[in-house]
Structure formats: C-alpha cells, structure tokens
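Only one chain is shown below, in structure tokens, and it's the form predicted on its own.
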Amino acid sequence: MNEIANRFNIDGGPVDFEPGQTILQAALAAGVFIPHLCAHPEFTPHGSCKLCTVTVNGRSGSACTIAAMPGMDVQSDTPELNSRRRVLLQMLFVEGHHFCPGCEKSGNCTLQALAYEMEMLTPHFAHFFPDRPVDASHPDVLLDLNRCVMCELCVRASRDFDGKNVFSLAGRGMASKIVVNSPTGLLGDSDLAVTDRAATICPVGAILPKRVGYKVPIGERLYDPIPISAQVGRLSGATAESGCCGCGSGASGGGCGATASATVAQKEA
C-alpha cells in the first residue's frame, strides 16, 4: 500500500508539510505568504485576528489553527479573501489611533505592512478616536493602548516566555483591553524589563522601548525595502529574529531588515 504524501495544495500549488504543522506554518515554510497578524512562530496560535482566514475544501477557517492534512485544497490569494482582509485591516485602523506618518513604529509595523500588502488605500469607516491611557511610567518602555490591536502577543510572551504575566486581557467585546499586572495598574510598578520578550514583540506601536525610536532611520526599517510578503523566512521562524523589529535593540541596528534581505537573496539565488 502506498503511503499518503504529506502534501496539500494552496492556490493550485503543492505544499509539503511536517505532521503537526498548521496550514500557515506549512505555507510559510514552503515560501507561500498568507497574511496574518496575531500568529507568531514562537507561540501557540489562537486565531483571533482572522486575517489568515483561508478556504479549505470550500469552508472558511483560520490558517494558523487548522492542522495541515494530506490532499486539502486551500484557497488564500483570491480577490474575495483579500477583500475581506482589507475590511478587517480598515476596522483595525479606525478602531485605534494608527496615524502612520506620526508613529515611530512606521516601517516596522506589521499592521502598516499588511495594509500596503492588501492595497488598502483608505480607512473607509469612520474613525472611533478612542481615548485610552498612555502609560509612560516605566523608565525604559512606553505603553500606548491607543495603538493596541488586541493580538495578545505581549500577553503570551510575558506568560509563556518571560514567566511574569505582566500583561493580560480584561473585559469583553468593545470593552476588551490590555491591563498591566501591578498594584497600581501602571507599567512602572510591574516587573517588566526592557530585555523581556514582551517588551519588543508588539507588532504595532503599542509597546515601545524608549530612546531607540529613530536609531534605524525611516527608509531603512524592516518593511521599507522589502514587502512583508517577501519575508516568509523570517515570519516562519526559519531565520533568526534580532529580538526586535528594527528598534535598534537587536543584534544590529538594522538587524531585522538585514535578515529579511538575506532571506530574499537566498530564495532568489
């Protein structure tokens, strides 16, 4: 009896996978980009942002949580799915304060990079203009909840990597928010350290190390020279991250961008 190959099709092309991989993990490892925001190779996915929604054998689901199975027919890069992703991105933009020209995360922001990738030209919806706390009480880290997209990467990093549980999610629905585990609720009274994984994992500009905002100039940041869809090696975890997204606290000032460039060069070689 012939063994069934660990292979499925995505957008008509074959993708081999290792048992235990999700569709997203297998696709990225094979060099196929699926837009995603809350999924991260270091942590167990929970499928909250829905940007990685794909169609599997005619049914929709999150690519970050669906296990890869032999013979699956996966659709991802289609006009309908990309249109849905643009709407999700527009909703994320208007729900918070994401004014890219004035944000020091510009060029290193995953939300911004995905908006470019999905050709989002306008926010479409009316801005909420929320009034959320900006916590500058920590000597080395700034917390601006106006930019938070509730991906919970900081929660998972602090709990699963740092072992500190500095951040957690409170409330439900529109009242959901990230809270800080300290006697006062302020970051400065928590045991967060700037070297913690939670201090640098934020994909937007909600958690920022202080005094390194422009160490990597605009134009040389992570997504400035190379679009996010061409950085599948870094996104899959196949290439080492420098510990940040160009904030300057990594292995070198432009570490993330340099890593991405190397990945693309290897793929083109």
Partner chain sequence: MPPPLAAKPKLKIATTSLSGCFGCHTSLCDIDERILELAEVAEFDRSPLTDIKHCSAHVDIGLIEGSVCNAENVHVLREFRASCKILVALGACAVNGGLPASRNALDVADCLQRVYCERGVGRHQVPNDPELPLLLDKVRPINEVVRIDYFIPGCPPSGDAIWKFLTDLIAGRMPRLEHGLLRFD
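Numbering follows the first chain given and starts at 1. For clarity, every value in this text was computed on a predicted model and none was experimentally measured.
Just so it is clear, the following notes concern the form predicted in complex with the partner chain, a form of the same protein that is not shown.
The partner is absent here, but in the model of the complex a heavy atom of I226, alone among V212, A29, I66, I226, sits within 4.5 Å of the partner chain.
Of the residues given (G173, G163, P183, P101), P101 alone sits with a heavy atom within 4.5 Å of the partner chain in the model of the complex. Comment: 105 to 113 is the region of 105 to 113, 79 to 87, 148 to 156, 195 to 203 lying near the partner chain in the model of the complex, near meaning a non-hydrogen atom within 4.5 Å. Taking non-hydrogen atoms only, G219 approaches the partner chain to within 4.5 angstroms in the model of the complex. Using a 4.5 Å cutoff between non-hydrogen atoms, G188 does not count as a contact of the partner chain in the model of the complex.
Using a 4.5 angstroms threshold between heavy atoms, H138 stays clear of the partner chain in the model of the complex.
Taking the partner from elsewhere, M72 is found to have every heavy atom lying beyond 4.5 Å of the partner chain in the model of the complex.
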